[in-house]
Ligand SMILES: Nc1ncnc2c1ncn2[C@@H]1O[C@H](COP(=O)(O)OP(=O)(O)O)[C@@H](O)[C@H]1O
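Next up: just one chain, as structure tokens, the form predicted alone.
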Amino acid sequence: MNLTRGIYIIGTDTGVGKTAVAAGLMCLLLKNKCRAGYFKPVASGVKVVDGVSVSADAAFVNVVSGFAQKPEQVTPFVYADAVSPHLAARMAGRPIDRNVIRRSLDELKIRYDWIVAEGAGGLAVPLNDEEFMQYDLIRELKFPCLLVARAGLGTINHTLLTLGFAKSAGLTVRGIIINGMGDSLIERDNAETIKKMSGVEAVFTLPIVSSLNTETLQTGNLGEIFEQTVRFDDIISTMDII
């Protein structure tokens, strides 16, 4: 019986650093000789790599970690327009099919012992016009979640609201990564308050990575910083059988 373990990276909002965290986590797993695969079921926004349009997020993960797999297996639904998935799908005339996503995941589970999945936007993002939501997909795929949050002002509210919503949607958040952590009083207090109030044991902080831009595939020293900041054993403990 295949006992693939996985984690689904979600965010308090779009642009909080989910892709950078996914890339850092993939890098960490592969450096520790884990058979790890990346999965982005739905992606809005593409890059042309070797003449082929692929998910911009998947391209970034590839550059940072070296992970390579057939684009259609890693990201079964890729849309050129960087808008909400339901709108991107409507504009492209290609609706998102949850059965196709399940089959892609099943194929990856045959090849990999660890799956790092990444969501599109926040939890309450519609994937089609029939109100099939991102949290519905995550629940159906039976992933635990790793929540990425900003470090600055407002993040306590956004993080606690997302945790409460995730619980109400039947999801389990196993860890939190506070991304772009600086050394201001506000940021330090935000991190401590989230650790205290979230009820989540695994809370990590990831500092600002210079020269990092996921859209232009500038990686900075993300892999190195992630490895120095997030202990392998701790991050492995957030992943569960899927």
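A residue's number is simply how far along the shown sequence it sits, counting from 1. Small disclaimer: the values here were computed from a predicted structure and weren't measured.
The next section is about a form of this same protein that is not shown, the form predicted in complex with the ligand.
Student: Considering the ligand in the predicted complex, find the one stretch among 25-33, 45-53, 64-72, 174-182 with heavy atoms no farther than 4.5 Å from it.
Tutor: Contact-bearing stretch, as computed: 174-182.
Student: Using a 4.5 angstroms cut-off on non-hydrogen atoms, would Ile208 count as touching the ligand in the predicted complex?
Tutor: Yes, contact at 4.5 Å.
Student: Spell out, yes or no, whether the shortest heavy atom distance between Thr14 and the ligand in the predicted complex is within 4.5 Å.
Tutor: Taking the distances in the predicted complex, the answer for Thr14 is yes, it comes within 4.5 Å of the ligand.
Student: Just to confirm, Leu212 within 4.5 Å of the ligand in the predicted complex by heavy atoms?
Tutor: Yes, Leu212 is a contact residue.
Student: Check each residue of 17-37 against the ligand in the predicted complex and list those with a heavy atom within 4.5 Å, in sequence order.
Tutor: In sequence order, Gly17, Lys18, Thr19, Ala20 come within 4.5 Å of the partner.
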